[in-house]
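Here you get one chain, nothing else, as C-alpha cells; it is the form predicted alone.
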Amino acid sequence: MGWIGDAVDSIKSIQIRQLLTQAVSLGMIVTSALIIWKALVCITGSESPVVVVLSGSMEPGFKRGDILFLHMSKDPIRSGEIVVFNVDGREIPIVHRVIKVHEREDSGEVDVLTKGDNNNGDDRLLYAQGQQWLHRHHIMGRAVGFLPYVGWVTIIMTEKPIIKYILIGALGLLVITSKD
C-alpha cells in the first residue's frame, strides 16, 4: 500500500502520551510565533511590521511578492518615503510612495498624498470618498527594508486556497506521525 499505508499504521500506533507531547510541542511553536510577532510590533511601533507587496504598482522598486519590513517612528513623514497605509473601507493595506506633504497650520500635523511608482496618477481615487490626504492614523509604517520574492508563498496560498489546505494537512500529518 506504500507510504499511505505506513502513515495510517503509524497513526494507529500512537500512544496518548506521545499525542499529548506532540500537541504541547505544536502549541509551543504557535505561542512562540505569536510572541515573536508581538515583540516585533512593540519594537517597530507598527501594527503590522511585515507586509507582502500584492500588486505591481511599485515596480520597478518593489515587485509583487516582495516582503517589506516596516517601522513607525514619531518623526514626520517626508516626501519620497515609501509608506504602507490603510484606507477606510478597505481591508488590504497599500504600499506607495509619499509625493506631497501638507502641514496643517492649526496643529502642525502632517498629512500626505501618495502614489504608486508605476501608476499614472496620485492615490486620491483610492482614498475614502471625499478624502484628499492621508492622516497619520492611516499610516501603518515606513518601509525600512525588503526581501525579494519571499512573499510569493503568501500570495499563492491566498490565491489558491487548496494549496494552503494541502500544506496544513501535510504538516498536521507530519506532526501526528513523527516519532520524536
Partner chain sequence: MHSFGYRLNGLLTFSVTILAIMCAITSLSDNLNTPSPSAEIQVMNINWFQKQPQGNDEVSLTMNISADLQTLFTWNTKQLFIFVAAEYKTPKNSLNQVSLWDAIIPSKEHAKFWIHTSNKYRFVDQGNNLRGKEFNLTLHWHVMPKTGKMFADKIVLTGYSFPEEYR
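Numbering follows the first chain given and starts at 1. Each form is matched to the other, and the largest set of C-alpha atoms that superpose within 1.5 Å is called the rigid core. Here the structure is a predicted model, which is why all the values come from computation and not from measurement.
Omitted here: the form predicted together with the partner chain. The next part is about that form.
The closest non-hydrogen atom of Glu91 lies beyond 4.5 Å of the partner chain in the predicted complex. Taking the partner from elsewhere, Val53 is found to have every heavy atom lying beyond 4.5 Å of the partner chain in the predicted complex.
When contacts are judged by a 4.5 Å heavy atom cut-off, Met72 does not count as touching the partner chain in the predicted complex.
The shortest heavy atom separation between His96 and the partner chain in the predicted complex exceeds 4.5 Å.
Proximity to the partner chain in the predicted complex, taken as heavy atoms within 4.5 Å, picks out 115-123 from the listed stretches 151-159, 115-123, 42-50, 24-32. Shown here without the partner chain, the chain has Trp133, Ala143, Val144, Gly145 in 126-145 lying with a heavy atom within 4.5 Å of that partner in the predicted complex. Once both forms are fitted on their rigid core, the CA atom of Arg104 lies 2 Å or more apart between this form and the one not shown.
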